[in-house]
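For reference, the chain that follows is the form predicted on its own, supplied as structure tokens.
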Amino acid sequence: MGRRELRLPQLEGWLAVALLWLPRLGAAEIDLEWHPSALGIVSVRTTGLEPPGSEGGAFLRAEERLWLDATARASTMDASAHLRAELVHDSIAGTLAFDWREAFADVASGPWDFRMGRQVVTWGVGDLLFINDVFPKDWGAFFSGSPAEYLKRAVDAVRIGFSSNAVNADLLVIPFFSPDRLPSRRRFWQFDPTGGAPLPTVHPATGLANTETALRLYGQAGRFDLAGYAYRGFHHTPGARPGGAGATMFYPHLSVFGLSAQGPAWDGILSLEAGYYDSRDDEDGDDPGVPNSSWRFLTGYQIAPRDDLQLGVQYYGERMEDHGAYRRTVPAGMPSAPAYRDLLTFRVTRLHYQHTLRLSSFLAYGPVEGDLLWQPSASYAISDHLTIAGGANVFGGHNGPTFFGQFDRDDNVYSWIRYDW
């Protein structure tokens, strides 16, 4: 009956950890807060073109979600627990699924704090551009009009935090791998080098050798927030490995090292970020089924000329290492990626009626590859409890292998309504 996002071995592991704290929590007085919410969303393709084997016809998304946010705090110690459990009905697939969106416990002692369980992690300074935020995303939800919070997938992890006047640190240990959730081929047109043939996918086995680790060191220098990052794990989108009767999809090893800075400049906020992606399974760049190592950077600037108007612009660049070796090994007839690709993004946000009406336009355009994504949207808070929204996802390109262009036939409009008790 649908999917369970938290596999039983993971759940047993976190329960075992939680039991260690029960003797301490037993003597504490617990304050409990809980808030239920409901969301309904519909997204419809506007091109009139349906991919082969389409399960929803013109519909990309039609679902209802009912969830509970609950937080328990211990009054006699610095400890708390948070749960967000969602019941999801997919009207297109006809499934009812239970999803642990978040489920974690926090404990703090002096300069140290610990978070254990399923949690959403956001690092870096980009606006929908990610370099050092290497944690999994849900691109299918993002491209079909779900609220922006659903772009980020949660990870099952232990986070260890340290705070001091000189530097702060976060260490994440992620024993259970979660990949990016890509748009379904039964709902989205997209580039498919396999000609539609299903390929087996191998996930990293759970074990100490495959445990992902991520470190962030951060602090302030003057008026700027500075951070350094390191990650060792896997690409979250699969590569391809040739096999006997065909290819197998797998998740190549990856290390990332990066920096970011953000602070006031002129009359706005300046953001800078850079990172080096070390693709450890393709050190020489001659395996076309594995992403090459690359350098990535972005710079952004945000300004608010008035209280009800916000403007933002970003430039992102990505330079592939060993591009010559990559070009020599691309199979005949397969398109090759450029040595350098970039993105320009523009965001305009306007607020009306005591900030209850929010109008937004986000445009991402790739000058090198010639693809784009435009996301106009509007949301209106009818009351403190009820919000309605609508918008569109408009793709541009050449139906080829570029990230946005492959969805050129998937332009869609969407609407959603949310009620919070």
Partner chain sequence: MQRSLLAFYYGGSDTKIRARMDLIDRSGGRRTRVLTMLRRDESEGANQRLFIYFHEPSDVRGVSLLVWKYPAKDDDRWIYMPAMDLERRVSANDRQSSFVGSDFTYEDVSGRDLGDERHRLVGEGSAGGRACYQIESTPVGASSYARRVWWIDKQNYLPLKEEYYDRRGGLVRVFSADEVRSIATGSHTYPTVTKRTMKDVRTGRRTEVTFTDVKYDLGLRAADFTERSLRRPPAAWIR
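Residue numbers count along the first chain shown, from 1. Since the structure is predicted, the reported quantities are computational estimates derived from the model, not experimental observations.
The same protein also exists as the form predicted together with the partner chain; that form is not shown, yet it is the one meant from here on.
S.K.: Verify the flagged residues 61, 281 and 404 against the partner chain in the predicted bound form: is each one within 4.5 Å by a non-hydrogen atom?
M.R.: No, none of 61, 281 and 404 comes within 4.5 Å of the partner chain in the predicted bound form.
S.K.: Which is the contacting stretch out of 363 to 371, 39 to 47, 376 to 384, 52 to 60, given heavy atoms within 4.5 Å of the partner chain in the predicted bound form?
M.R.: After filtering at 4.5 Å, what remains is 376 to 384.
S.K.: Residue 201: heavy atom within 4.5 Å of the partner chain in the predicted bound form?
M.R.: No, residue 201 sits far enough from the partner chain in the predicted bound form that none of its heavy atoms falls within 4.5 Å.
S.K.: Decide whether residue 297 counts as a contact residue for the partner chain in the predicted bound form under a heavy atom distance cut-off of 4.5 Å.
M.R.: The answer is no: residue 297 has no heavy atom within 4.5 Å of the partner chain.
S.K.: Residue-level contact is defined here as any heavy atom of the residue lying within 4.5 Å of the partner chain in the predicted bound form; does residue 96 satisfy this criterion?
M.R.: Residue 96: no, not in contact with the partner chain in the predicted bound form.
S.K.: Verify the contact flag for residue 321: yes if a non-hydrogen atom of it lies within 4.5 Å of a non-hydrogen atom of the partner chain in the predicted bound form, no if not.
M.R.: It does not: once the partner chain is placed as it appears in the predicted bound form, residue 321 has no heavy atom within 4.5 Å of it.
S.K.: To verify the annotation, which of these, 246, 331, 264, 338, has a non-hydrogen atom within 4.5 Å of the partner chain in the predicted bound form?
M.R.: Selected residue: 264.
S.K.: Only one of 211, 184, 237, 163 comes within 4.5 Å of the partner chain in the predicted bound form by heavy atoms, so just point that one out.
M.R.: Checking each option against the partner chain in the predicted bound form, the one that comes within 4.5 Å is 163.
S.K.: Sequence order please: the residues of 120 to 141 with a heavy atom within 4.5 Å of the partner chain in the predicted bound form.
M.R.: 120, 121, 122, 125 sit within 4.5 Å of the partner.
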